[in-house]
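Next up is one chain by itself, shown in structure tokens, the form predicted alone.
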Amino acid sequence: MNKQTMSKPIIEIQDISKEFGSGPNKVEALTNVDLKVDSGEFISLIGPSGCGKSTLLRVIGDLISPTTGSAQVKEKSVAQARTDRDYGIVFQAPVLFEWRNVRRNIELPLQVMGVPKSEWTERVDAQLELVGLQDFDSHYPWQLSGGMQQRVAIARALVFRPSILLMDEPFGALDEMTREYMNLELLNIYTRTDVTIIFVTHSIPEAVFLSTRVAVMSKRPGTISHVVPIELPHPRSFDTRETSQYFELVTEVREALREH
């Protein structure tokens, strides 16, 4: 797999810090975070609980504002990038509407954005095929497994064709076997699209298996202490997890975490 990269980073984080509260209740979540992401990369953010991984993702997604520093997406402010629908977001919970079937859940962004209704069927069908849910378009969320619900959430996040996908521990609530299967599904989606992915996880094996680079964060206040390139060949499979190169990279990320 050879994804094309832009001459300029698609995401550029410079000296980001984030504080919550004030006075004796002030919490410093992030400090002096720098990160550049090229188009077509898959970057995992990993670190100890409370180190600010999700906070950093929310800064990139313009869900919260940094206290200091700057964040740009495609050479514009994150606020403008959000207005321009440059990214989709997937959270740990699928957040599907129980009264809407799979097709109507995926259609929702198109409806909100005012995309002509004549385009809905083609766009939704493409996403259903991408996530392997062609035969479940009329099912409701309560009729689906946890992994299938999360695939609907991913399809919904991609249906308006964003260039960036932000994922905040999307498989954290799944059992281990389902999680490993969803890792393969996500890699399939990643290799079949032009999307750039920023992925928050607590799992070292997951981060190594999925990523082009793993950004290791220190304990709070979080900063990026190491960036580990992941040069595992594509396509990746369950057998990838049995290779010596994979185990060496898992060890490298684990040791980087232990330093902090």
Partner chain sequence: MGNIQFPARKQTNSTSQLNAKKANLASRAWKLMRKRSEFVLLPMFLILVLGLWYLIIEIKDLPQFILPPPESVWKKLIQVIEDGSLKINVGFTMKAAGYGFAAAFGFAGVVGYILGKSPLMEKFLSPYLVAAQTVPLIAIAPLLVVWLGFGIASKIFIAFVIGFFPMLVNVIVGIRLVNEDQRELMRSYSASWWQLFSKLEFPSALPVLLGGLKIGITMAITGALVGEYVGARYGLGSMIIHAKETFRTSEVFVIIFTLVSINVILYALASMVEAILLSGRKREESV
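Keep in mind that what you see is a predicted model, and the values were worked out from it rather than measured. Numbering follows the first chain given and starts at 1. We call the rigid core whatever largest set of C-alpha positions still superposes within 1.5 Å between the two forms.
Just so it is clear, the following notes concern the form predicted together with its partner chain, a form of the same protein that is not shown.
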query: Contact assignment for its partner chain in the predicted bound form, among Leu130, Leu108, Ala173, Leu184, heavy atom within 4.5 Å; finding: Leu108
query: Per-stretch contact check against its partner chain in the predicted bound form, the hit in 58-66, 190-198, 219-227, 22-30 (non-hydrogen atom, 4.5 angstroms); finding: 58-66
query: Output flag, Ile89, Phe97 and Trp142 jointly within 4.5 Å of its partner chain in the predicted bound form, heavy atom basis; finding: yes
query: Partner proximity in the predicted bound form: Glu75 to its partner chain, non-hydrogen atom cutoff 4.5 Å; finding: no
query: Non-hydrogen atom contact Asp135 with its partner chain in the predicted bound form at 4.5 angstroms; finding: yes
query: 4.5 Å heavy atom contact, Arg161 to its partner chain in the predicted bound form; finding: no
query: 4.5 Å heavy atom contact, Arg85 and its partner chain in the predicted bound form; finding: yes
query: Yes/no, Arg104 Cα shift of 2 Å or more between the shown form and the other one with rigid core fixed; finding: yes
query: Core-aligned C-alpha movement of Leu184 between the shown form and the other one, 2 Å or more; finding: no
query: Closer or farther in the predicted bound form, the Cα atoms of Glu129 and Thr193, when the shift from this form is 3 Å or more; finding: farther
query: Shift in CA distance, Thr193 and Phe136, in the predicted bound form relative to the form shown here, given it is 3 Å or more; finding: farther
